[in-house]
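First, one chain by itself: the form predicted on its own, in structure tokens.
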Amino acid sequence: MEKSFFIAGDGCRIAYRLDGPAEAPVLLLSNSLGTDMGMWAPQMDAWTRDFRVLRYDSRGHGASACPAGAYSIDRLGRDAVELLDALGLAAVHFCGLSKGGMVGQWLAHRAPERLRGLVLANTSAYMGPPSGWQARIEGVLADGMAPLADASLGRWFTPGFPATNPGAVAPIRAMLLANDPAGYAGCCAAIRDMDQRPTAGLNHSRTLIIAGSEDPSTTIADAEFLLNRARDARLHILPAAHLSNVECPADFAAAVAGFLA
């Protein structure tokens, strides 16, 4: 099925795609900063056996529009809710990685009735300091995505993985380079301004937290914070860096499917 589109409440055109059996429970996926819905390709064969998989390109990414200016976690969260509204979906399973997991945290306290099961992967309630994000915003708007690509891949994968798994890393590099700098910067601003630590204790959804043992961006300590604040959560650690679904594709797919089952 090709990508479809809906119009969010503020007029932004958002791309989405559905795969898998029409009668199966829906699993909504939310991508990381700098990627698009294609980041979930390693899990699609496994998940479409049991789920109707709904993927979308976050605003500023992929085939979705890139409104000018700073975005917010509130706006990114409402994009997810409005996608469900547009498709007439009352409640779904949700899996988000990194920025996508930040959207999942927002849903847990702002729209918990829309969640049947929640997976927060390689994510954090806060990623300070804001000055670092501001510097990244200014850099990408001035110099484009290319200078960021190698630095990002260095954080996203353990040393040696890109050399031994070029076929897994090449699509991620292409996604990074394809980003509109304005859209990437808009989402950087959402992370810059985000602090969901005060609301982490409001997560009453059944939650699986996935962390990478070698993740320098969202650490085991970040995952344990979310674990300890949530009412009903468990932690699963993978031998990976930040994009654990790419580095440990089968284990990631099995952990999510097993938890949601």
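A residue's number is simply how far along the shown sequence it sits, counting from 1. Everything numeric in this text was worked out from a predicted model, so none of it was measured.
The same protein also exists as the form predicted in complex with a small molecule; that form is not shown, yet it is the one meant from here on.
Using a 4.5 angstroms threshold between heavy atoms, residue 155 counts as touching the small molecule in the model of the complex.
Residue contact check for residue 120: none of its heavy atoms lie within 4.5 Å of the small molecule in the model of the complex.
Though the partner is left out of this view, residue 169 does not reach within 4.5 Å of the small molecule in the model of the complex, counting heavy atoms only. Although the partner is absent here, residue 93 is not a contact residue: none of its heavy atoms lies within 4.5 angstroms of the small molecule in the model of the complex. Put simply, of 127, 73, 145, 115 only one has a heavy atom within 4.5 Å of the small molecule in the model of the complex, and it is 127. With the partner removed from view, the residue among 191, 80, 108, 140 that has a non-hydrogen atom within 4.5 Å of the small molecule in the model of the complex turns out to be 191. Heavy atoms within 4.5 Å of the small molecule in the model of the complex are found in exactly one of 27-35, 220-228, 197-205, 48-56, that being 27-35.
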